[in-house]
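Before any questions on how it binds or moves, here is one chain, the form predicted alone, in structure tokens.
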Amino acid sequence: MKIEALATLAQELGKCQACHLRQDALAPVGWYGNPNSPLVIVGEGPGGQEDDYGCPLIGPSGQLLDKALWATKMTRDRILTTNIIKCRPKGNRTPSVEEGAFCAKIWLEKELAIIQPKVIVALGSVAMHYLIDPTLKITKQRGLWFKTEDGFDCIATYHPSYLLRLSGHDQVAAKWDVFHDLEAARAKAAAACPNYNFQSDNPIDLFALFAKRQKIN
């Protein structure tokens, strides 16, 4: 039932023209993964490669995320990844709080209502600002548990793009923070669904699953 409901929502998303961000994107980027997963990762929004392939977190940030997930015994096909906003902002800029709220109220809230996850990972400040509180700082709130407005357990952690901008000791320390946050998220989700399998036998090659797409008018 979740699969069918998300498929219908995906068709509606493909036709979305609700805001100015759609004008500069090839097409909206939806979600990827298992609708029955008790764990959902919510990122920021599509970048260039995400826009090209129609898959969330498929570029360098997503590849780093995949490594972190594998280290914490998870793979992308067994969880679900999505974003606050669905269309790539021009120039890959960070979406504003207002843009995030506008898009998420139309699409993300419908996704989560269908999926009903036990745990949400807010990946980066844009996701944290929408799901938790727009006044918080990710550097102070990561690793802490919150309840979203809809009652979902949520933990915030650094976005992989932030890790890629760091170097040396700072990068190593931040990577360990993300590792421990994902471990905590998996543990809480596993406690809620003890028989759920979070990891396939091999890492998932998203580029083998998604092809470059043409602009949808």
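Predicted, not measured: the structure shown is a model, and the values here were computed from it. In case it trips you up, residue 1 is the first one in the sequence shown, and so on.
The protein also exists as the form predicted in complex with uracil; that form is not presented, and the subsequent description refers to it.
Participant: Within 4.5 Å, heavy atoms only, one stretch in 182 to 190, 144 to 152, 37 to 45, 66 to 74 touches uracil in the predicted bound form. Which?
Facilitator: Heavy atoms within 4.5 Å of uracil in the predicted bound form occur in 37 to 45.
Participant: For P56, is any heavy atom within 4.5 Å of uracil in the predicted bound form, or not?
Facilitator: Within the cut-off, so yes.
Participant: For the stretch 159 to 198, return the residues whose heavy atoms include at least one within 4.5 Å of uracil in the predicted bound form, in the order they occur.
Facilitator: The stretch touches the partner through H159 alone.
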